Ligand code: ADP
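First comes one chain, alone, set out as structure tokens in the form predicted on its own.
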């Protein structure tokens, strides 16, 4: 339909063009389904305007006269609440009538398939992606507008034209008087829907611009009502495009707070520009405190993605999930996008950016760990549990992450690296020992550590949930395997006790050997085996897992999650030189009932030491009562 408006000066030579039926459906689908939020329309219009200014800059290299007496690019937003209008105007390359029909009429003239083919080709061709050619994003304006008018004059031309449509069935193109058109460039006038009236409010428009388009390479000004002075809201200079030497720490901090939504100081700033086959700039920050969504089940990253300084998304999968605490952005010169410009397409370039950005972040963390260990320790305190997820997920970078990792151990206070632990190996020690659980304080008092402490062997204390998984999947560090102190035989006999003379260990008493066999018989199928322990020095008993399969901590997690059906039967290790064990072993056959009660109580004691309950609370209570009565002589 031909659009008429008595308040407009329109030529009678206006031409009406119908949308094709399939394209009209596509347009409606795009307006109502492709975009996830309405505010993106302003980003798209500003992106078009910025591209038009860039196109003029490029063409003016060969034809400087195109700039005339107005050489500085600009974008102006005009608000008119009374008329319910929002105008986006630029002084870029502009469009002739034929270019307007070609650019804004592409959908109407070429059909759905040809249109989609054109979009795909434009993504591969940088020059055709430059504007002067309105893409699919222009039509997002119909999410908030009942009618859109586009008035444009091409640089160096006298004639100006208006494109107008309600986005339903037709659009119209007509000449427009010179006085009603910009001297150069394009003016997009949105006649807003009633529920979109907020886009005539300065506060709303400024917020959207700062959030989505505050860093396009063209200054943006706003006129909040007719006749008012224009006020600049963006100077067209993106912080990340400046050299690091030109940016003060205060400027980095201010930008970090705006981009990360944090109010602290960044613990680490990583700013670099990659050139060559991939051209992109990254500005990353490691926060100085834990973001509230650090342990969100979805584990999404919070890296903003820009393409040519135009905001695309704020949760791009640029860094792996174990670096999701990192905040910041990536600005690519030529990353392909999908039709809505909201989602990045998978491409070799995106893969290269992911690889390069991840390597750079880990490299900076390595540098910090070496040069500024105290600063790195602060980061590890905050995010070590998340970084260790990479030990399980990122096989390619596992060695680098193991070198970065820090641990609480039995050897020293504070954090220790694996390099430190290997350097502290005792003679004949061949493995890096660890103890996993969910409570660091309980781990410190575990009886499993006694034999290791007695020999001065440093043991990693792993209390994060992810520790149970990565340590089982890891082949080791520096050629040394990881070995759980709760799994299999401790094999400590070849490592001398601290301060002990080089003498063979005394033989076990025959009565103790017989008692171990008796306990095995009394417990029956509750355990896999009962054996003498060389890992216990002070405690009487402990439970360990078999040599194969998961250790005790992982076994409990898998069983609790229904992944094992039920935990396997443990091995009960008994300290053959413990005073209680020697005394029980000396009991005669006439004390068989007492010995059987003692055998079950020893097993329950080992369960309690691991944080479990007795196997049967009622039987535990009855046995304990009989033993106490016997001790009391009743």
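In this text the structure is predicted, and so the values were computed from the model without any measurement. Positions refer to the first chain, counted from 1.
Keep in mind that the form predicted in complex with ligand ADP is missing from the display, and what follows is about it.
TODO: Spot the stretch among 62 to 70, 602 to 610, 41 to 49, 570 to 578 with residues whose non-hydrogen atoms come within 4.5 Å of ligand ADP in the model of the complex.
DONE: It is the stretch 41 to 49.
- [ ] Indicate whether the candidate residues 90, 94 and 103 are all in contact with ligand ADP in the model of the complex, with contact defined as any heavy atom within 4.5 Å.
- [x] Spot residues vs ligand ADP: full contact, yes.
TODO: May I ask you to check whether residue 306 falls inside a 4.5 Å heavy atom distance of ligand ADP in the model of the complex?
DONE: No, residue 306 sits far enough from ligand ADP in the model of the complex that none of its heavy atoms falls within 4.5 Å.
Open item on the list: When the contact criterion is heavy atoms within 4.5 Å, does residue 55 count as touching ligand ADP in the model of the complex?
Closed with: Contact check for residue 55: yes, within 4.5 Å of ligand ADP in the model of the complex.
Open item on the list: Is residue 137 near ligand ADP? Define near as a heavy atom within 4.5 Å, in the model of the complex.
Closed with: Yes, residue 137 lies within 4.5 Å of ligand ADP in the model of the complex.
- [ ] Taking only heavy atoms into account, state which residues of 177 to 191 are within 4.5 Å of ligand ADP in the model of the complex, ordered by sequence.
- [x] Contacts from 177 to 191: just 186.
TODO: Kindly indicate if, in the model of the complex, the C-alpha atoms of residue 51 and residue 279 are closer or farther apart than in the structure shown, bearing in mind the change is 3 Å or more.
DONE: Compared with the form shown here, the C-alpha atoms of residue 51 and residue 279 sit farther apart in the model of the complex, by 3 Å or more.
- [ ] Look at the CA atoms of residue 90 and residue 258: state whether they lie closer or farther apart in the model of the complex than in this form, given a difference of 3 Å or more.
- [x] Closer is correct, given that in the model of the complex the C-alpha spacing of residue 90 to residue 258 is reduced by at least 3 Å.
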